[in-house]
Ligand SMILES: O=C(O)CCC(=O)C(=O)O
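Consider the single chain below, provided in structure tokens and representing the form predicted on its own.
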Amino acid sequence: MLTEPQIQQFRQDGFLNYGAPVLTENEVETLRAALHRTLAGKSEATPDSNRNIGGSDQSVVTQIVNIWEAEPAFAAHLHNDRIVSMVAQLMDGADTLRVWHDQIQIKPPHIGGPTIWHQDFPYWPVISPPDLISAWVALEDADEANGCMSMVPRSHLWGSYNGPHGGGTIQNTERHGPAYEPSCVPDGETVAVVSVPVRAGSVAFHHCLTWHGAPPNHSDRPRPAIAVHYMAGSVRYTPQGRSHLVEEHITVAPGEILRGEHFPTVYEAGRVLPPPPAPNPLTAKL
């Protein structure tokens, strides 16, 4: 559980690098093995997306969306008691938490590309309000050399920026930033970039409006990580003309609370919910 100073730091800065492990070494190894199966095309099912969002063969960022639907180990990870309990604390009284989606990002050695400076929420134009927190867990040690994230403190208080992310004066692709739009910085605020190294099996939390990015990976080490985007139970389906990859799974009407089998509830009435039992393959054939 988080201490009150940690909770207050998150609310002030918009992110929190927890520091201590939230996964055991065996849990990390289990997730790595599941990730390798997915990359090899040997997972039990197919994730929603598996692609290079880095831009070229020499700037690679492998993104896998909803790996939890392809591998049971990642489905169980959504319900990790330590992580979900802390998200509930940070969510300031939310009595229900659901998963919007998860996202693997891998920056391979030497050719791992940068992650442009951005806020998450503008990339999710089909949901509101912006009451989401991401739990970013490193599957190998992530530091500045292999492309760990950096955050801009207090930027979650500046509102949602709906202009272009990347390109022109917004994005320096080699050094990855700072890629904020100066007009969105309130008077009296300064842009300070804080590096957020995370050891394998530990977690960093950030609000969906916090500006963040990551440099390229020119090291000899990979940088795989799993981010789960948790949403408060009050988040609704609010399409606004732009689509999102997982929108095809949404079954509720516009304006309704976003829920359904593809957006699992992980916390309710003060307790973390266990993952549903895996289907019995013998029963499934009957």
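Note that the structure is a prediction, hence the values are computed from the model and not measured. Position 1 is the first residue in the sequence shown; the rest follow in order.
Beyond the structure shown, there is the form predicted together with the ligand, which is absent from this document and is the topic of what follows.
> Hey, with the ligand in the predicted bound form, do T115, R223 and A227 all fall inside the 4.5 Å heavy atom range?
Checking in the predicted bound form: T115, R223 and A227 are all within 4.5 Å of the ligand.
> Hey, of 207-215, 152-160, 90-98, 189-197, which bit sits against the ligand in the predicted bound form at 4.5 Å between non-hydrogen atoms?
Looking at the partner contacts, the answer comes out as 207-215.
> Within a 4.5 Å heavy atom cut-off, is S202 in contact with the ligand in the predicted bound form?
No - in the predicted bound form, heavy atoms of S202 and the ligand never come within 4.5 Å of each other.
> Is E140 near the ligand? Define near as a heavy atom within 4.5 Å, in the predicted bound form.
E140: no contact with the ligand in the predicted bound form.
> Does the 4.5 Å heavy atom contact test between W136 and the ligand in the predicted bound form come out positive?
Because a heavy atom of W136 falls inside 4.5 Å of the ligand in the predicted bound form, the answer is yes.
> Answer with yes or no whether S85 is in contact with the ligand in the predicted bound form, where contact means some heavy atom within 4.5 Å.
Flag for S85 set to no.
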